[in-house]
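A single chain comes next, written as structure tokens; it is the form predicted alone.
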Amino acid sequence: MKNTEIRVRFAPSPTGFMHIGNARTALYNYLFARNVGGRFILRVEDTDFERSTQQAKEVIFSSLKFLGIEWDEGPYYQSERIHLYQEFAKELLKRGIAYKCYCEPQELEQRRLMMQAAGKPYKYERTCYHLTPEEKQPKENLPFAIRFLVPPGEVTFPDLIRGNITIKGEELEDFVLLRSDGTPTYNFACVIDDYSMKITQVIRGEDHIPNTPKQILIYKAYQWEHPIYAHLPMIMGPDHTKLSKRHGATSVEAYREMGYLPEALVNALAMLGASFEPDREVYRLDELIKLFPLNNVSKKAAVFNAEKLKWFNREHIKLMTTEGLLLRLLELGLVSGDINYLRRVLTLVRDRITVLNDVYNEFNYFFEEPKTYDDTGLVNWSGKEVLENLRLLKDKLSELTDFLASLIEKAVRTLAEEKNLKAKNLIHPLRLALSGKTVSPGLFEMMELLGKTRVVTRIGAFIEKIKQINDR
């Protein structure tokens, strides 16, 4: 492939949400293409007509766009290229490199189970290849699959991540190219598409390593040059088992809905198997493109940790300006209302945000009255003394002309001195009354932002709550 344009592809099957592993594969292809000035092609492998859905296709597109992964060509759909695969399969059939197989799927499954019961691996016995012309004649009108005749010898191919990989010929059976219903198998359609789309590098998960020798044999049968392969390490959970739902969310859409920044998810995915600069972990997408090291990707399994992703998200939130963060929240519909008020809320809480949804989920008391109060807080701050102190504080705060944090703090601490109390004995129940929680941003700054009317009203509501508890 000398003097040719670098062309890579991402080829998902539209049968569900985009898994984190698929997203990492898409990202690595995209980073590599952009790093070397190549092209990134999107191909949808939708020949599994029973499981492929339009909704899943839309999820693929929206997930890629969310991550900032833009394709240069496509999407191409395999379902629209069935006739092409059929023509190429017939060519191998005519040349004797492939043959018709009349075996019923149920029959093959029965043979496999018999070998399994005997503790042996099953390999197709070339039953139909060995049929005599007389034995073939009564089967000519029956449905048939087309099988590839695997030649003797081993298959060796270079892998950009793992070095040379060798598969012995006896480990391969005569695999199916075209099913009896005329649809192609994965390996066959993949080769025809990669060749016709002029793919130069195939970057995919290591679970495809068993497919690669089969695909190379098909390339050789047509006397085509095959692409260069790079098989990415698996993604594991923190317990070093295959990443699954028991480890938490595993799809891009799920993290999007939870309020994760695409910048953080891209950053986390990029680090799953690759290393960039020493002693640095936080990168923007443009920096990842510039530094992407396909030749330095590890062959060891990568560990995806949801807690680490939270850390990345916090770091990327810190990189945003308050205005940029506000704009993002407004675009997503996560906040609404007076812009100046929202800006002041963000200034107060941004260092406490892990995901964007926290702005409302964790700090909803800036937007609505507390509906519940923390149970532990109620146990600690529902005594008669607290009730009396809050009544006095409510009156003091009502008298303030300028409702500023410094003046609010002075009023609270003055009352504490007058009552010979530690300031915390007023601050803690006050925080609970205003937020429903035992933890919040700076109390006095929060009170200034809420304003005197809301503060006094909430203290009054909390006083009634304490009275109800004491009257039981």
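What you are looking at is a predicted structure, and each value in this text was computed from that prediction instead of being measured. Don't overthink the numbering: it's just position in the shown sequence, from 1.
Keep in mind that the form predicted together with the RNA is not shown, yet the notes after this line are about it.
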With a cut-off of 4.5 Å between heavy atoms, is S63 one of the residues that contacts the RNA in the predicted bound form? no
Look up in the predicted bound form whether L272 has a non-hydrogen atom within 4.5 angstroms of the RNA, and give yes or no. yes
So in the predicted bound form, does any heavy atom of R204 sit within 4.5 Å of the RNA? no
Give a yes or no for T457: in the predicted bound form, does one of its heavy atoms lie within 4.5 Å of a heavy atom belonging to the RNA? no
Mind telling me which stretch in 334-342, 139-147, 371-379, 284-292 gets its heavy atoms within 4.5 Å of the RNA in the predicted bound form? 139-147
Picking from A302, L400, A254, L93, the single residue whose non-hydrogen atoms come within 4.5 angstroms of the RNA in the predicted bound form is A302
Let me know the one among M258, M236, A249, L84 whose heavy atoms come within 4.5 Å of the RNA in the predicted bound form, would you? M236
May I ask whether G119, N164 and V439 each come within 4.5 Å of the RNA in the predicted bound form, counting any non-hydrogen atom? yes
Residues in 51-89 close to the RNA in the predicted bound form, defined by a heavy atom within 4.5 Å, in order: R51
